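This document opens with one chain alone, in C-alpha cells, the form predicted alone.
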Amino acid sequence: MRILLASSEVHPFSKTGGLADMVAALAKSLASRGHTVGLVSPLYRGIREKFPKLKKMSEGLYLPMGATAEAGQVWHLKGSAGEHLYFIEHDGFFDRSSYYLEAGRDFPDNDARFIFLSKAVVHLARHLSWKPEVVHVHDWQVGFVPLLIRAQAAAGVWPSAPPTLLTIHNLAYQGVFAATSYPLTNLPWSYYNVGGVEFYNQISCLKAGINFATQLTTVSPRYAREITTPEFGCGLDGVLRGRQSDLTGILNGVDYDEWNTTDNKSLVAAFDRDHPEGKALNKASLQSAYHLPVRSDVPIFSTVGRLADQKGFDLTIGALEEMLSSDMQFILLGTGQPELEEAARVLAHRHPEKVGIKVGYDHKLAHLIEAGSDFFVMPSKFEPCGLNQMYSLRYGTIPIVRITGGLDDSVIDAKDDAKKVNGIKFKEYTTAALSKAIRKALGIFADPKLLEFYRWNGMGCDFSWEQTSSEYEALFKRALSMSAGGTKP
C-alpha cells in the first residue's frame, strides 16, 4: 500500500511526548513491511541544522488562507527504513523557540499555523508522484485534513481522493478556536454546523477529523471505550458514539531498536532478562547523576514526562509527602505546569538526600532513568496509551499505574494474573491509593525473589510494532473499501 502519515511532531526531529515516538515508529515499521510510506511534519527551528541531508523539493507551496495566501517550501529526507519524510517550511509559523506554547500559553495564531499544515498535507497527498492511497493523520493539529479531502472530493476536483484515518492520541486536546477562524479553511459554511466542525459556537479541529475521517482509532482498546462515555469524552462522547462502528482501539507499539538495554549508548552497562547484572550499574550511575547517595539497598521510584494534572503528578507529590519517611529515593525528569514544577523543587529542597529533580527533558537521561530505577510511578487521571510503562517493563523497572486507558491494557497486576504479574495497579484517584501502592512496592523490593519475578515477567513482555502494524494494515484495507467521506460507496 501507499500510505501518507501526518503529525505535528516526529522523533527525532521534534518531540514533546509519545506522539512523536509513535508516529516515527509506525512509519518505520510500515516501510520495513514493504509499504511506500510518507510522513509530513513541520520544519521547526533547528531541524535543518541538525539534519544537513535534508533537501528542498523543487515545487513550493502557495496555499489560500482566507482572503490571502501563504507561501512555503517542502523539504525531504529518506528515513532509515526507506520512508519519505516531508517537512513543511514556513518561518512565520514554525521557526519559533517552541512548538505550541510561549510563556505557558498557546500561540495566538495556532489556528492559522495548523490549518496551513493541514492544507500542506492535502496538497502533498494530491500531488506526490507516488500518489498515496490512504492518508493517516494524528491528533487535532492535522484534524482538518479529512474534511479538506472530503470537500475536494465532493466538489468534483479530486474524484479519486484517498480515504483517511484519524488517530486520537489525547481527546483532551482538540484544537478549539473562535468561529472567526473558520474562513482560514476556505471551506463552504455548510460544514460549520453541529454535525460538522462547530463546537459550542466555536470550531474544533479534532471534531472535524472525527466527523469526516473514513476510520477512527485511539491508541489503546480501553481508551476507545472510555472516550464514548461522558466521563472521558470531553464533550465529544456523543459524536464518538455515533461513529462507534468506525472506532478501533490499537495499543501503541514500542520501537525496540531505540528502547533497548543491550545496545544503547545512553546506558553505562548492558543488561537483559537473562543477564540482569548491569541494571545495578545503571542504578548507581543514575544516583550519581542526581547527586543522591549511591546505595543498592534503597529503591528508586521515578517519573519522566509532563508535569500535568492529567498525569496525576498532584497525587505523586501528595503520596511522597507521606512515603518519604520510608527508606526510598525519588527521581524526576519533566516539565509542565509551573505550580507542579515548584512543588517538585520544594520537595527536593526538603529532602535533598532522597529526592532529585531535573526540570526539562533529556532523551539520554530518560533512558538511564528507565534502566536505573526500580519502580516507575504513573498515576494518570486518564491515559490514552502511555509508553513509559512499556519502556519500564523492558528495562526491568516495575510500573505503578492507575487503572485507566492503555495503562490497564499493558500492565498486569497480581489480581489480574499472579503468574504473569509485572506491575502494580490501583483504581481510586486518591493520594491514599497511590501511597498504598508505593507501600506494596516497598514490600516487593524487600523480597529479592519476588522482585526478580516481577522484573522477569516485565522484561519478557513484547510490545513490538509487528502486531500493531498489522492491525493498522487491516484498517487501511478497510478504509480503502470505503469512500473518502467515511461512508461505503
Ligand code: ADP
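Since this is a predicted model, take the numbers as computed values, not measurements. So that there is no doubt, residue numbering starts at 1 and follows the sequence shown.
There is also a form predicted in complex with the named molecule; it is not shown, and the following applies to it.
Enquirer: Quick one: which of 331 to 339, 90 to 98, 149 to 157, 73 to 81 gets within 4.5 Å of the named molecule in the model of the complex, going by heavy atoms?
Expert: After filtering at 4.5 Å, what remains is 331 to 339.
Enquirer: Looking at the partner-bound form in the model of the complex, is residue 360 within 4.5 Å of the named molecule by any heavy atom?
Expert: It does: once the named molecule is placed as it appears in the model of the complex, residue 360 has a heavy atom within 4.5 Å of it.
Enquirer: Using 4.5 Å between non-hydrogen atoms, is residue 269 touching the named molecule in the model of the complex?
Expert: Outside the cut-off, so no.
Enquirer: Applying a 4.5 Å heavy atom distance criterion, does residue 311 contact the named molecule in the model of the complex?
Expert: Because a heavy atom of residue 311 falls inside 4.5 Å of the named molecule in the model of the complex, the answer is yes.
Enquirer: Using 4.5 Å between non-hydrogen atoms, is residue 381 touching the named molecule in the model of the complex?
Expert: Result no; residue 381 lies far from the named molecule in the model of the complex.
Enquirer: Only one of 343, 366, 324, 414 gets a heavy atom within 4.5 Å of the named molecule in the model of the complex. Which one?
Expert: It is 366.
Enquirer: Select from the listed residues 250, 121, 171, 304 the one whose heavy atoms reach within 4.5 Å of the named molecule in the model of the complex.
Expert: By the 4.5 Å criterion, the partner-contacting residue is 304.
Enquirer: State yes only if every one of 18, 21 and 259 has a non-hydrogen atom within 4.5 Å of the named molecule in the model of the complex; otherwise state no.
Expert: Judged in the model of the complex, 18, 21 and 259 all sit within 4.5 Å of the named molecule.
Enquirer: If we check the named molecule in the model of the complex, which of the residues in 380 to 408 reach within 4.5 angstroms of it by a non-hydrogen atom?
Expert: 383, 386, 387, 388, 391 sit within 4.5 Å of the partner.
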